[in-house]
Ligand code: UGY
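Next up: a single chain in structure tokens, the form predicted on its own.
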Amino acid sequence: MSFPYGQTRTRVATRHALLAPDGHVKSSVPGIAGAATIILINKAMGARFAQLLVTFEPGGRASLPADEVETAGYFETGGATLAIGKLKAKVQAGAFFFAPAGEAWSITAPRKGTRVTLFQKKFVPLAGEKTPQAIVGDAAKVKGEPFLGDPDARLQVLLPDVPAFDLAMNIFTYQPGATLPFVETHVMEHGLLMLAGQGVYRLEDAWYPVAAGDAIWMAPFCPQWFVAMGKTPASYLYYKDVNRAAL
């Protein structure tokens, strides 16, 4: 969708950003070929992680080396063959994965239009804890739990909530009219992709209409709040950093 007269819903501020699909520009990323790769969030924005949106053509592939970077990914559409180290699986829309630091991983033989969101960060080891193991899962098999007791706001926790992991990836689904119960202000940084529906997101002192396809960056301690609007549920995929020392 294009807008006349140079208009866009995209807003990039010092400590938050809303990135609408109308402003996407492809980037060339080493290790990813035969795909439209959009770098939505990274350190150039002020973030401490990267969020990428990758849409594959037939024959496209991603092949990333074993290094200090860990990756959490979610297949929004399509399907492909996923390999992490010695683990290999055929996956469909709704699949998610975690590739730990020190493990090479790849996506091959994608169906046309396969769209994957990737969250990447440098792994921070924790003394006494082993490096997390590779994970491949299906979000449809992860039960959504009422958030703070509200059955109309359900949270699916995709990765283990244990000290070894220094990142989390979750899906939050709201029935129309449901909200975050209060304006959250916390140390965790977020990257977010709207998967379905629409609503309004408060970021600091601004309120933004949002819809499926929008991405959001929230810096640490950015006040944040969401309400689902319209006639269908709203859901989003999001990243946060967790389980590490305050200093």
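Not measured: the values here are computed from a predicted model. Residue numbers run from 1 along the displayed sequence.
Absent from the display: the form predicted in complex with this ligand. The rest refers to it.
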*Would residue 57 count as touching this ligand in the predicted bound form under a 4.5 Å heavy atom rule?*
no
*Just to confirm, residue 218 within 4.5 Å of this ligand in the predicted bound form by heavy atoms?*
yes
_With the partner left out here, check for me: in the predicted bound form, does some heavy atom of residue 61 sit within 4.5 Å of this ligand?_
no
_Although the partner isn't part of this model, could you tell me whether residue 123 comes within 4.5 Å of this ligand in the predicted bound form, counting any heavy atom of the residue?_
no
_Candidate site 172, 180 and 201: all three near this ligand in the predicted bound form by heavy atom within 4.5 Å_ = yes
*Stretch from 186 to 194, 25 to 33, 38 to 46, 207 to 215 whose residues place a heavy atom within 4.5 Å of this ligand in the predicted bound form*: 186 to 194
_If you apply a 4.5 angstroms heavy atom cut-off, which residues in 227 to 247 are near this ligand in the predicted bound form?_
236, 238, 240
